[in-house]
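Before any questions on binding or motion, here is one chain by itself as structure tokens, the form predicted alone.
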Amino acid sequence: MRVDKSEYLIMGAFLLLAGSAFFLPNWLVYLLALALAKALVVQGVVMLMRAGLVSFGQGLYFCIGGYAVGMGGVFLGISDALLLILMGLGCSVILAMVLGLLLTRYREIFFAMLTLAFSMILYGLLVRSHGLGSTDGFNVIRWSILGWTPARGQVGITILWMTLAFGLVIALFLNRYFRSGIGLACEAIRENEVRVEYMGVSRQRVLYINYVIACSIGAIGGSLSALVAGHVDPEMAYWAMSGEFVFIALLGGTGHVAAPFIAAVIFALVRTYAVEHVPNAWQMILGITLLLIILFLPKGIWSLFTRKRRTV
């Protein structure tokens, strides 16, 4: 399949952001890296939404990816960031393959509540695990990449570049995935499951594969978030975190793979400035922002680009 214009634009945007890291303040580098890492989890939410499913439990795999990085360093002595991310990915894939057999049999509110339930089970277990720091969590050890350990002043830019690299690969993969047979089948299932079955396509198999991939991408986002923050805690699996991912998914829309990245950055900036200027009402500002998006841009921020393209 040839590289299309959209993929060139994605690569250009990621490279531009990588180059601009030299000129950004440290706090903004950290903010962007964390926002882009969370955007990968949102990509998983969008994948499920395109199949007609809404998950309020993606924090489960976000947390597993993060804790795999933390535990791999603290208990196994592994410091290579790529290997730690691979550990988080492997643990999440195994769990997703097991839970997916059950969860993909349900739809609508039942699917949403079941995903939330499993995420809260993990939260409860971590809160009661004193060996893992209970509610406080624990710090991630200093990491390296293929034997190279970045200096103190280079950690921020290094982790941003690594997050951008993973984000670019996943964005290009999903751009192809959504146009593939299974990606189009997910949209068909959202519209009419019965007709998909009559066409000879197993909706159960399609949803299962889609679920496992979505959870795997979420785990990568969790692993990167742990490396960025340098800390993991049970709040990663709490319902509020999963709700944040759904919030960002609605904010950006499901029209393009770039939408979650744009929405995650906007969400992070809005929340940062809201907390700074109105610390007692920042939740209200986020709520008003989402309300305005739903009223005037029901298909998310990305609909601004598609609307402009149609008028041209």
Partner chain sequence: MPNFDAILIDGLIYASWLFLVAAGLTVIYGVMRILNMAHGSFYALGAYTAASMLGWYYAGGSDSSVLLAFLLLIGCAVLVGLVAGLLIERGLLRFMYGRDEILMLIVTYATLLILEDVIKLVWGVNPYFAFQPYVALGRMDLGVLTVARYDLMLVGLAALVGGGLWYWLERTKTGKILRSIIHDREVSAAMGVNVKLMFTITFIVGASLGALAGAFTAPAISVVPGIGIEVIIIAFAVVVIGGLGSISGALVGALIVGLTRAAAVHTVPHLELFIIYAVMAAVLLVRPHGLFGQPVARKI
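Numbering follows the first chain given and starts at 1. The structure presented is a predicted model; accordingly, all values stated were derived computationally and were not measured.
The protein also exists as the form predicted together with the partner chain; that form is not presented, and the subsequent description refers to it.
Although the partner is absent from this view, residue 30 stays clear of the partner chain in the predicted bound form, with no non-hydrogen atom inside 4.5 angstroms. Proximity of residue 15 to the partner chain in the predicted bound form falls outside the 4.5 Å heavy atom cutoff. Shown alone here, residue 286 lies within 4.5 Å of the partner chain in the predicted bound form, counting heavy atoms only. Though the partner is left out of this view, residue 105 does reach within 4.5 Å of the partner chain in the predicted bound form, counting heavy atoms only. Contact annotation: the partner chain lies within 4.5 Å of heavy atoms from the stretch 121-129 in the predicted bound form, the single such stretch among 145-153, 226-234, 73-81, 121-129. For the candidate set 157, 87, 116, 95, a heavy atom within 4.5 Å of the partner chain in the predicted bound form is found for exactly one residue, namely 116. Remark: all three candidate residues (54, 194 and 239) come within 4.5 Å of the partner chain in the predicted bound form, counting heavy atoms only. Contacts to the partner chain in the predicted bound form (heavy atom within 4.5 Å) from stretch 281-296: 281, 282, 283, 284, 286, 287, 288, 290, 291, 294, 295.
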